[in-house]
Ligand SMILES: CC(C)(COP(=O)(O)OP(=O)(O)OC[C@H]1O[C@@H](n2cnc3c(N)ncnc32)[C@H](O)[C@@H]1OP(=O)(O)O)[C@@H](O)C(=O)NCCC(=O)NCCS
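In structure tokens, the next block holds one chain alone, the form predicted on its own.
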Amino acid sequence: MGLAIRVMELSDIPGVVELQAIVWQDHFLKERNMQVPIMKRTRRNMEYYLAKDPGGCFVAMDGNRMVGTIVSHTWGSVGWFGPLEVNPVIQGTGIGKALVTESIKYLRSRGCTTVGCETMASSARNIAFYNKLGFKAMSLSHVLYKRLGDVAPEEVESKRARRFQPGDNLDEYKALWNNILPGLDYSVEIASTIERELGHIWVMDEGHAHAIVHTYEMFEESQNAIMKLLVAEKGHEAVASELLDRCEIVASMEGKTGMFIRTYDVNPPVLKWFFERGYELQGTSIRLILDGPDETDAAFHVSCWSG
């Protein structure tokens, strides 16, 4: 019947989750010769993606069979995509290229002037794939993990950080985001976290610092929290450290046993900052950009383009 690409629907989620699990099991077997059980994404995770960018999530169909998926993300004028999945049996037949093309069209239609993605630095195949599509390799992103200890409940109120309030003015934050990359806007992540109850948002008025920690289950049976975002004015490392303390405490109180953080290398903090806080390096990705400028180091910024 031929390949058809269409916008993802809520009814597609079970098939998307199954395909993603197949693709990642195949990846670990081919790239690392490892047979590992892969945790499946939760329906809640996919619904969160669909709600943020409903027109930018696509599935590739061969008749009634789902053979590929891609998820697009827009942060103001910054657009990126991931995950991208293609059935291992038919990889190399142009399906991945077709899905990336659809995502790029969507991101540009949303006014994104920077378009890119991140992929595993160890995958020569993936890097070559994106290079052929015109993407240029930039800096590295790092995946870090820390096992969380037990925290006494009274410690939660012992810091200066406060919860973000829906009525808080975002203008000062937007000015900080714009210094990182013109047009960068995390408002959608703040709104999604609140509306869908994905986790917690903490702010500190000193240094205009703010952080998002996701404590919902991104993967089935996951016991880990994920630091989605941490931003502070440059030179305010102590403020950022206090915010991360707060996020770790809240995650631990919700029964999470570990914290994952992904951070882009072009921005402080350097890896040493995380190592001193008890984090360990778990893996490394590479950022690739098709259009637009890369980030600057104008702020203390923990974030990444990874789904």
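Predicted model, so just to flag it, every value in this text is computed and none were measured. In case it trips you up, residue 1 is the first one in the sequence shown, and so on.
This protein has a second form, the form predicted in complex with this ligand, left out of what is shown; the following refers to that one.
- Proximity to this ligand in the predicted bound form, taken as a non-hydrogen atom within 4.5 angstroms, holds for one residue of 16, 290, 299, 23, which is 23.
- Between this ligand and the residues 147, 136, 160, 132, the one pair within 4.5 Å by heavy atoms in the predicted bound form involves 132.
- Stretch 81 to 89 is the answer when you ask which of 225 to 233, 81 to 89, 107 to 115, 200 to 208 has residues with heavy atoms within 4.5 Å of this ligand in the predicted bound form.
- For the three marked residues, 56, 74 and 77, no heavy atom of any sits within 4.5 Å of this ligand in the predicted bound form.
- Residue contact with this ligand in the predicted bound form: residue 128 places a heavy atom within 4.5 Å of it.
- When contacts are judged by a 4.5 Å heavy atom cut-off, residue 182 does not count as touching this ligand in the predicted bound form.
- Within this chain, residue 93 lines the site of this ligand in the predicted bound form, having a heavy atom no more than 4.5 Å away.
- The closest non-hydrogen atom of residue 193 lies beyond 4.5 Å of this ligand in the predicted bound form.
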